[in-house]
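Next up: a single chain in structure tokens, the form predicted alone.
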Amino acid sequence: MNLMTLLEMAHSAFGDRVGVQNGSDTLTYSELFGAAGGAAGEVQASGAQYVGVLDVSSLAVPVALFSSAWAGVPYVPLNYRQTASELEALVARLAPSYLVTDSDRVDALQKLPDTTVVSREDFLSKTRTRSGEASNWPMDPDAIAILLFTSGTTGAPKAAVLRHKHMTSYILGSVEFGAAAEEDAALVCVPPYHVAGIAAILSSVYAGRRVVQLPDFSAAKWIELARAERITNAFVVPTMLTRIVDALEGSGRVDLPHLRALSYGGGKMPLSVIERAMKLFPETAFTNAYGLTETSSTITLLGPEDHRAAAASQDPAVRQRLTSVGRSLPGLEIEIRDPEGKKLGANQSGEIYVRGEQVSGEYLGRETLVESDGFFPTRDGGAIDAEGYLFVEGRIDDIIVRGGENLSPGEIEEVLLEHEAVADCAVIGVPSEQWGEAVAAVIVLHEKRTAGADELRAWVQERLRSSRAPERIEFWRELPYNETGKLLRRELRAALAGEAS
């Protein structure tokens, strides 16, 4: 199966519906289908072996995504926030390629060999007028559909491989074809180079939902667009939801009656934020989605009924599920294993392993990380309770080893966030001559609230063992996150070690 099959079905079933919208510019599903064919013809004529996009969200993104599938070459969205030298190095690795970018970058990138560079405007103009000139798309499920580069903080970026079988397995297993009504609209504000942005396009196309793009997120823009376009569905990362909730509470006006479903993921959601959001949107169905690039996006969901049951329960164990990422999707198996690879029981912490058709676990030019039994080690730590709810505890590499004892930063962060003065926090390990590593916390306080280091240290010590109480506490105005809501712990470590971040 090929990703183009998803668009072909939408084109055949509801071709006159608006499929994608960016500002006042739109493409119906039939127009998107035609533009993908026109773009595939451009790609094939260029001799490119990759289709790259180096740009913010625009109509060019879905056209490039589907045209690459039609042309039979991988789609490679690039992080436009990287430096010029980093981007040039990545583009050089893709040669020969067909690269769509913003007009300001065209001249600089045209000097690279074996790279056909076209501006977003020219790309859309050409593809809208050159419809259906490509050959039939290939149907090899093992062909590479998408390459997504890692951040490359510890070396040259790796390219995660997602094949057509991985992405289509995820969509077919989690989305009902044509389930959306014609008036349904999904607000997409995650960057196009993130797997969640790609999954949002594919799932909305298969459901028949209008995709409304927000290229540059701010809480004010998100709220304004959600109201103007009568958004029914949206996906946000935790930092985005925090800012949206803050803005709405500050204005004293919610006025988003059409918002039926709000999904979130991509990072740890503070319990206080989701509780505030559920009070603001009592009629909205909330879903927490957990997944990785290597798993073609979501592998577990905490669904709307789970949210409502946990929020209404007086049982602490059930209520605690609001901090979980839910249970695995159909067709996926999840296990928790110890460092020796032994499967652990309920409520025991270890590394999260996952197995299923949508799981890739592969990087270009490298051996697969999928083990002989089909399970992929995620490098995330976590535990599964007796009812199958998964609690993610953070990256295995972030575990603090203090005097031989493994401490979970997430456990300490949850307790700190329960303090009424703490708006945000991050816990990391810092070098210690006595313990090997010591617990350090960086705290962001709510406006007009105060709390001292001794108070917060005692707060943790009263609720957890003394070894988990931060030995070092610093107060910052904000924590470093990337644009997809992931906490940049490496920057915290560098800052607390006295290095430049």
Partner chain sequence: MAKLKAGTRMRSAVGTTEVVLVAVPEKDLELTCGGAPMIGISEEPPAGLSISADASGGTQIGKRYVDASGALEVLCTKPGEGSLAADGAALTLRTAKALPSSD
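Keep in mind the model is a prediction, meaning the values are calculated, not measured. Positions refer to the first chain, counted from 1.
Separately, the form predicted in complex with its partner chain exists; it is not shown, and the next lines address it.
Heavy atoms within 4.5 Å of its partner chain in the model of the complex are found in exactly one of 201-209, 312-320, 83-91, 348-356, that being 201-209. Candidate site formed by Met1, Ala13 and Phe177: every one of these residues places a non-hydrogen atom within 4.5 angstroms of its partner chain in the model of the complex.
Distance criterion of 4.5 Å from any heavy atom to its partner chain in the model of the complex singles out Trp137 from the list Trp222, Phe375, Trp137, Phe149. Of the candidates Pro141, Pro96, Gly341, Pro215, Pro141 is the one whose heavy atoms come within 4.5 Å of its partner chain in the model of the complex; the others do not. Its partner chain is not drawn, but in the model of the complex it has a heavy atom within 4.5 Å of Pro330. In the model of the complex, its partner chain sits within 4.5 Å of a heavy atom of Phe235.
When contacts are judged by a 4.5 Å heavy atom cut-off, Pro304 counts as touching its partner chain in the model of the complex. Though the partner is left out of this view, Thr127 does not reach within 4.5 Å of its partner chain in the model of the complex, counting heavy atoms only.
Residues of 340-362 include none with a non-hydrogen atom no more than 4.5 angstroms from its partner chain in the model of the complex.
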